[in-house]
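Next up, structure tokens for two forms of one chain, structure 1 and then structure 2.
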Structure 1
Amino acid sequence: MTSAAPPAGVRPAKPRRSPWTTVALVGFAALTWWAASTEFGIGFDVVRIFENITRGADIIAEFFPPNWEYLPRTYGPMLETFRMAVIASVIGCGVALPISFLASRVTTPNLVAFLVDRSVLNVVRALPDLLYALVFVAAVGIGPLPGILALVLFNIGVVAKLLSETIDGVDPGPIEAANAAGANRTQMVRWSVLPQVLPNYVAYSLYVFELNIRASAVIGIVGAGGIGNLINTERRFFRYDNLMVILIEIFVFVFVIELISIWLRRKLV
């Protein structure tokens, strides 16, 4: 074997980096500096994390061991959370179904109906669940009712967004087939589009149900019922051992729902 160099060809120049990459990098750095700086932003400081680290460890230590004797007292509020999630998911997903069909050009060629629906949907999605809870508590008083109402709006936003995007991506073939067979729009949607998106719809519904269980831990803080009420009480008394029990309970609950939803999805798809 010789060590002679291979025949020399014309080597291409290294391609210049796209100017957009530079713009993106500079923009990213500027944005981050702006957000983290003390003058303009939140004054974020990595060193500070380490300053607080011992205090953090102390507080974390207070979560252990969990106070298991507290467990029975959580059953009632947890059941309330479960009921709230069931009702809010059913209503939210039910309302989201027609809204989703209106929010896709595939099923709604009428531009005005489509744009109106999309805009309403964007506004609904822009507000977080806790804010809805705040408003509904002001409207109807504290308890599970404002919580359910807040979750319903939240669910409509999530499911309608996901489902309308799924509808955008359905196979157009069956739609053409239904049209060619003389079906009207309702029939086309029912037999060409719905069967294609039904498994996704079920998956999204289970997903928001799971989100609702977690969300109800939060909206209780403003008086919207469920397990969050209890969390709010315990944190005021700094009972971290009790809080830990609730957190573990939520975790297990969500985990079980996930297992059920994986099983169900496998059966459906």
Structure 2
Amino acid sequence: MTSAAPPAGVRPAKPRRSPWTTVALVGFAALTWWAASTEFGIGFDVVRIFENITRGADIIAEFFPPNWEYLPRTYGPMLETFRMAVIASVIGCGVALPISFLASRVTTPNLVAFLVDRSVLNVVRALPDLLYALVFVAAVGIGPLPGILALVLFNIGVVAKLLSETIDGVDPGPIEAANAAGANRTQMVRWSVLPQVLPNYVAYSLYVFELNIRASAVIGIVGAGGIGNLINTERRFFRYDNLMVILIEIFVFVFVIELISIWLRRKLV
């Protein structure tokens, strides 16, 4: 027996708020207080930040004006950074595509493959790209090669994670149709799943390429090639006016690449 509808013009009763919302908010507030407190946490103090915010003004002043005569010396390292990002994106995203199908419950052949693949991806994502760069610099020496290898692992972890979650949410209709038609697992993935996730895969690959430009500038500081080597050199000799030129160049470079990536995503997705 259905309940009677409320009279016209009467607003329906508000649904009750779940008590777990309040519990979660209180727990989050308590965790934040614990992390920031002086006695139990790291001693995060907003007052000290404002008291000491001007202490770096003298160093910041040395960044200006930028020494634009130094700009031609940055072209080679910046081009090396771009090449590293391209190679790492192609290899990393290419390897991540089949791995992502093994990391999804929709397309994995069995539970063992799923658990092994997810475990490996968790390990790959747990380590930062800077640590990978340090390891590969020690293994293969200074230069762009350890940087490329570090970025490849970084790309595999990011793209495989994002794409596997996208695969988990695909429309099951085409999959059921392929199975009913007698398609094997490879054929099902190729014709029923891949067309659904291909636009997302392109978007993730372009996004990772943008990240590679930023990351290659950081990992180069530890000797993994690219513009990061030049940043480290200028920083050690306190040539902040030259360093400002590099920072502006990186900003412009990343901004232009992001605009191109947005345009390509709109055309391809």
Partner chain sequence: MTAATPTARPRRPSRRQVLFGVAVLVALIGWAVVTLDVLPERLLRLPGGLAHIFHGMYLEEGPEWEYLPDAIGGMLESLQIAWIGTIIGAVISLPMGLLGARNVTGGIGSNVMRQVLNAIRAVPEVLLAVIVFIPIVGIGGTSSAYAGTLAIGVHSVGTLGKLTAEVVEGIDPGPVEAARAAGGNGLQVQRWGVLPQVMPEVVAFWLYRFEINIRASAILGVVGAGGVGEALTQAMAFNRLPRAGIIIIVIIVATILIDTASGWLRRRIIEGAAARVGGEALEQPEIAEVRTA
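Each residue is numbered by where it sits in the sequence of structure 1, with counting from 1. Predicted model, so just to flag it, every value in this text is computed and none were measured. For clarity, a rigid core is taken as the largest C-alpha set superposing within 1.5 Å between two forms.
- It is structure 1 that shows the chain in the form predicted in complex with its partner chain.
- Seen as two rigid parts moving between structure 1 and structure 2, the chain puts residue 46 and residue 160 on opposite sides of the split.
- When the larger rigid part is held fixed by C-alpha fitting, the smaller one turns through 14 degrees between structure 1 and structure 2.
- Taking the rigid core as reference, the CA displacement of residue 32 between structure 1 and structure 2 comes to 4.0 Å.
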